[in-house]
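Quick setup: one chain, the form predicted alone, written in structure tokens, and binding and motion questions come after.
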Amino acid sequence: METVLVLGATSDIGIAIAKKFASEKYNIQLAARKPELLGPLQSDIQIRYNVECSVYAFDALIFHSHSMFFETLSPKPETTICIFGTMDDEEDAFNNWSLTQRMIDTNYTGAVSILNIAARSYLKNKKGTIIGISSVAGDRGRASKMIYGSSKAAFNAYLAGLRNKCFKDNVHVMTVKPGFVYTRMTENMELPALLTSTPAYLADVVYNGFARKKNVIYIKWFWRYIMLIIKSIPEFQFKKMKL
């Protein structure tokens, strides 16, 4: 039975993805900055799905700890899913460098740090899968998501490069681009129901994409075409718009 590592397992999306893969009979490794919060999820997964489930402490921002963290994983996971991220108020971040840096370091630098380590392990063994949960916000820079979107754009570019690097050695990399999702991170936002998915729906789409070895998937298919339209707007016109 193969093992899946979930980085960011206390998030709503992390919980849903862990349960989905467990339901498909994968052993689960839950990793988060506050591992003490994962006990109930660990017990639920073990009892409900009859698979092994272990808990690890992981902090995306403590970069020097990432190598040791991966070394302590037993067994080494065949699949690593990077879910963690943060989204602060954009105006607050624009005026406060510490918030900007936290978004960049969480959404990009920390993700690259741990995924480089996982990728090296997979390349050595000539097998493995990496899944990165990014965002449609990274498809084009907008004032309303300038810092968050740019961190996700960087993550998208990294995953694309990693996919190119790893393909010849039988290591698959999948980029996931959700639109709006009902989570604790978005609970104070007014979201359009038609364009918004649930964590459980997202988890189903991610698993199906994983099973079919997709390269880039959008949660709710029409986001691909919404973002295609947004990307096609000429810059001289786009810069005048409020998006």
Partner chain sequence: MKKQIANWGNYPAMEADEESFVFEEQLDALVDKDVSFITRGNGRCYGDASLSERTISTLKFDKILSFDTENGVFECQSGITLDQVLNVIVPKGWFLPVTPGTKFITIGGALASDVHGKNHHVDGSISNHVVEFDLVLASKEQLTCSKENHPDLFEATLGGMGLTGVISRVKLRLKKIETAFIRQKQIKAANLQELIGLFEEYKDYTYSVAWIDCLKKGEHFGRSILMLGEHAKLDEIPPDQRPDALKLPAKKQITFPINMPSWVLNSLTVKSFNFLYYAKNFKKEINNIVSYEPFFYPLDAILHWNRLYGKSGFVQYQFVLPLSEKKGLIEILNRIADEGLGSFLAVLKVFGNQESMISFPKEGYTLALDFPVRKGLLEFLDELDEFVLKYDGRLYMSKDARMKPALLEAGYPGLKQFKSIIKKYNPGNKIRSVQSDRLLLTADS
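Numbering follows the first chain given and starts at 1. Being a predicted model, the structure only gives us computed values, none of them experimental.
As for the form predicted together with the partner chain, it is not shown, yet the points below apply to it.
- Exactly one listed residue, out of 54, 183, 196, 67, brings a non-hydrogen atom to within 4.5 Å of the partner chain in the model of the complex: 183.
- Contact with the partner chain in the model of the complex, judged as any non-hydrogen atom within 4.5 angstroms, is confined among 57-65, 35-43, 22-30, 210-218 to 35-43.
- Shown without its partner, the chain has no residue in segment 65-89 with a non-hydrogen atom within 4.5 angstroms of the partner chain in the model of the complex.
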